[in-house]
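Coming up is one lone chain in structure tokens, specifically the form predicted alone.
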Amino acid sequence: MLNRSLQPELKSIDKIDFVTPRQFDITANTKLYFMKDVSDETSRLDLYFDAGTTIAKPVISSLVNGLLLSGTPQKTSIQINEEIDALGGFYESSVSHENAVVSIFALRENLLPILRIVADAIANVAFLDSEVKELISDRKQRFLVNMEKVSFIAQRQFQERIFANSTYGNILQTTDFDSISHQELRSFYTDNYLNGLQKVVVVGNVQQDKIDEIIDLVGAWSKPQQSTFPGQFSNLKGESHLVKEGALQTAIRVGRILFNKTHTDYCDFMVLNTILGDYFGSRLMSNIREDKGYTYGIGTLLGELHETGYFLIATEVGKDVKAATLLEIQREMFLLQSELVDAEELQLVKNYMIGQLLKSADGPYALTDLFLGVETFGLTLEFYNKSIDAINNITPERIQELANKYLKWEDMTVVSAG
């Protein structure tokens, strides 16, 4: 019998035995990834399209994505959604800088019937004038509401400045909603959906003949050539502030162009990033939330794009402590540059990071997401074992070296709004 009065033995983690999805070549440029090892009746299907916001005006990519189930010559949007609901399915879609994703969640026996409904809806979008006008009105109203939020305003300005002089820095303007033609929508739809399928992901215990039918249903949308993305960026350094009358808080964004998983410093930098601001016990949280009481939360992240990445610190504080908060952020960076991290703090962060990685590898859905997180960059799941090795072996000296290399205040884009 298990003796619950004894603490379980602590074991170090050196390696995870990953399960890699099977790969099917739809075309030379479009793959289907299949994770079959699901023990229950659930399933998921993702369609990735070369239809991100950097390809055309951001409003066009967003609207076309929102119109995919807006109706065909034979069915209204209500009928399409009722058919999906009747089969117990769930549909969602999203747009990022570099792609658009359509996802279906369903019991495995209903995955194909729902995909047939969705595929028909996407292949035959009617772009009905009433649906287009309604969506434009809805998105414009949502945009105007967001423009009252200091966090939204700061993030827009940060995006514009960190991706200066590139399509990644394009941001929506209110006037963009007033000059949209049906031809723009149809052209983007034809080029980037009907001829823009980048990859298909299937998770669920479905049979091979079902995979073949999925390929038959969507394979014709495959992109005829590989997607390409710009890779040279330089952020506008220095501080800028946007005044928002009546705001009680100030949103702060601090960051710089950095790198993605393909860079040799990525794994080690993630340890530095965690110490600074990527968990609840981080230095920024301990200082600015717990000690100073300036904010409810502050965090850091390393955003990744196909050819680059960016470092970001984000928070919202009282408008009267904006300057003090920026000084404390700068101070925490300087401390990492000038003082070695002590052994106890470093071991805590190492344990936390490896625990989070183990948690993120729990089950076929999580494993598939981990795979997608590296497949984009031409890497394999062994990248995560490389990360574990980096976490276990990093030294305080290496962390200090990285802080001096990448956390110089003079290299940062600093934006505030409030």
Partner chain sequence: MIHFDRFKLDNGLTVLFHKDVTTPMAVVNVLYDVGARDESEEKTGFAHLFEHLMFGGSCNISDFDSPLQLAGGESNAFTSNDITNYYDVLPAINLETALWLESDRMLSLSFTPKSLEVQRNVVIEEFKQRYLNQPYGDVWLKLRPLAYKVHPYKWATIGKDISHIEEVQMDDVKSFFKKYYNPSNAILCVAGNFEAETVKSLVNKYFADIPGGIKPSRVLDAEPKQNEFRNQTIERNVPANAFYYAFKMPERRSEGYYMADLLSDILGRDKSSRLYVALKKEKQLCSEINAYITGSHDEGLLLISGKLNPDVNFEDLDIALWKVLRIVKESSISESELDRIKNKNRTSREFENQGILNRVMNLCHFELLGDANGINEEYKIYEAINANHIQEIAIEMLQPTNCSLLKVKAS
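Predicted model only: the values in this text are computed from it and were never measured. Residue numbers count along the first chain shown, from 1.
Quick note: we don't show the form predicted in complex with the partner chain, though the next part is all about it.
For the options Leu301, Leu144, Leu327, Leu335, the one in contact with the partner chain in the predicted bound form, meaning a heavy atom within 4.5 Å, is Leu144. Screening Thr262, Asn81, Thr167, Thr274 for any heavy atom within 4.5 Å of the partner chain in the predicted bound form leaves a single hit, Asn81. Judged by heavy atoms within 4.5 Å of the partner chain in the predicted bound form, the contact stretch among the candidates 153-161, 104-112, 304-312, 229-237 is 104-112. Not displayed here, the partner chain is approached by Ser77 to within 4.5 Å at the level of heavy atoms in the predicted bound form.
Proximity of Tyr294 to the partner chain in the predicted bound form falls within the 4.5 Å heavy atom cutoff. Among residues of the shown chain, Leu358 is one whose heavy atoms approach the partner chain to within 4.5 Å in the predicted bound form. By the criterion of a heavy atom within 4.5 Å, Arg289 is counted among the residues contacting the partner chain in the predicted bound form. In the predicted bound form, Thr42, Ser43 are the residues of 42-73 with at least one heavy atom within 4.5 Å of the partner chain, listed from first to last.
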